[in-house]
Ligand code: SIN
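So this first bit is one chain, no partners, the form predicted alone, shown in structure tokens.
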Amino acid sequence: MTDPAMQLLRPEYLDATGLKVTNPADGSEVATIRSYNGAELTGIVDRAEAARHEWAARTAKERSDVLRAWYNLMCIEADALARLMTLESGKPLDEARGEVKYAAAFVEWFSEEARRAYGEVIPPHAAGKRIVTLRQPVGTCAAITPWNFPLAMITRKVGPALAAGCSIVVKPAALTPLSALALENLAHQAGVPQDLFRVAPAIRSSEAGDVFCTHPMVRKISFTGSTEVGKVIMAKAADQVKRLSLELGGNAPFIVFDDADLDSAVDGAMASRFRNAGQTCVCANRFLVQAGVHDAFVERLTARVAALQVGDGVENPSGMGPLISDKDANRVADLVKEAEAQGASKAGKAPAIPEQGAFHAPLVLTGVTTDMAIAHEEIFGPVAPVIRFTDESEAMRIANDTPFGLAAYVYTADFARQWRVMEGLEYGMVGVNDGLISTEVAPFGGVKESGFGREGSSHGLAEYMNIKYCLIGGLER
């Protein structure tokens, strides 16, 4: 506990025999924390269920005020939260600070949305009757979150749950539980009842998932992670017809047409592909570039990639950090080697990377074709595969030829084409002439095998509420 950021962790979070958290930049141990087994998780869910009734009975303003206090504490502790995130995930400090701000924005947004959970008065179908709808909390919820955005993936689930009047138990990623625990600590300091919102790290993730899927008091599960695991959760939760929100895998196309502003497109490509070392769900996974600007785009993108500084996230706060683990770095390297064996080529010279740590050099691959694995698998690393296309119809065919449908990007100056492509892309989110689409004010989520449900915006609050229809009769004069 020598690092000041570790002071955000309460002593009871630590356990020398528990879950070991390491820094992917150098493999050093950051902390060892308590891990919960299935029986302990069951007890946590039981207490969350008991706590939710009093919380739901509070006024919307009272819940709003508590969430606002939590947001304020996150802002006060922003630097410490960012440093803690960098220590456990390797994310450069500047990116970590940006995520803290992004994560806090969800708490702020839903503190305000708590007061706007409006019902309806519907014109009746017969005389002497009135129809109203009420929005009521779903109940006790569970969330399973990934390691790539260890704060934001939690606040955009917990924020609306608490705003709606629900309780929620979070199983964070085993690789990055420290940020989650710090977040819980600040929430409790702000006045969120301790049993209402709990963070429960678990070495055996499948055991935690089984508890959430089978406990009769868990009314809703929100999961962000792989499509494979999402399907397992969906199947196991079916027995009790639990409500689900699933944000799963992606294969985002980034389409650049001949008439695009290339400088803007390259800026968007850098933001979309290389942020967090390419480890984001909405990363541009395939660059589809029209033949007329292909070479110019590759030249400009390669120059920008070559200028990236790669290293430890603390010592290199504005550069690019490591991948989350050696295993992940090796997986990306294997994808690149396979693509090269099939005819792809590295463009330009890649930046130097440290000898120690889970690093992979950022690079651009040209000559990529649609039959290569790297064009279909979610890379989750700092590699930009470029596919050449000839016309709009070919671009749309390639872009939609995937079972996934989370995010897509298109760069074109043609207003009519913007609308055609935007409407034709089979994705839950589309960025037009912009590579950064995530914001708390808009609904985040995918279609097809990228899942369903939305996070952020008023739609995010609705995911944690049931609509109750009430018919009042006997009102004849």
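Everything numeric in this text was worked out from a predicted model, so none of it was measured. Position 1 is the first residue in the sequence shown; the rest follow in order.
Omitted here: the form predicted in complex with succinic acid. The next part is about that form.
Novice: Work out which of 149, 254, 389, 274 lies within 4.5 Å of succinic acid in the model of the complex, going by heavy atoms.
Specialist: Looking at the other structure, the residue within range turns out to be 149.
Novice: Which pick from 281, 196, 186, 395 sits with a heavy atom within 4.5 Å of succinic acid in the model of the complex?
Specialist: Selected option: 281.
Novice: For the three residues 169, 212 and 215, which mark the spot I'm curious about, does each lie within 4.5 Å of succinic acid in the model of the complex through at least one heavy atom?
Specialist: No, none of the three is in contact.
Novice: Heavy atoms within 4.5 Å of succinic acid in the model of the complex: which stretch in 141 to 149, 338 to 346, 284 to 292, 229 to 237 meets that?
Specialist: Result for this chain: 141 to 149.
Novice: Flag residue 364 as yes or no: does it have a non-hydrogen atom within 4.5 angstroms of any non-hydrogen atom of succinic acid in the model of the complex?
Specialist: No - in the model of the complex, heavy atoms of residue 364 and succinic acid never come within 4.5 Å of each other.
Novice: For residue 302, is any heavy atom within 4.5 Å of succinic acid in the model of the complex, or not?
Specialist: No - in the model of the complex, heavy atoms of residue 302 and succinic acid never come within 4.5 Å of each other.
Novice: May I ask you to state whether residue 163 is within 4.5 Å of succinic acid in the model of the complex, using heavy atom distances?
Specialist: Output for residue 163 is no: heavy atoms all beyond 4.5 Å of succinic acid.
Novice: Since only the chain is shown here, I'm wondering whether residue 438 would be in contact with succinic acid in the model of the complex (any heavy atom pair within 4.5 Å).
Specialist: Residue 438: contacts succinic acid in the model of the complex.
Novice: Taking succinic acid in the model of the complex, which residues of 223 to 238 have any heavy atom within 4.5 Å of it?
Specialist: Heavy-atom contacts within 4.5 Å come from 224 alone.
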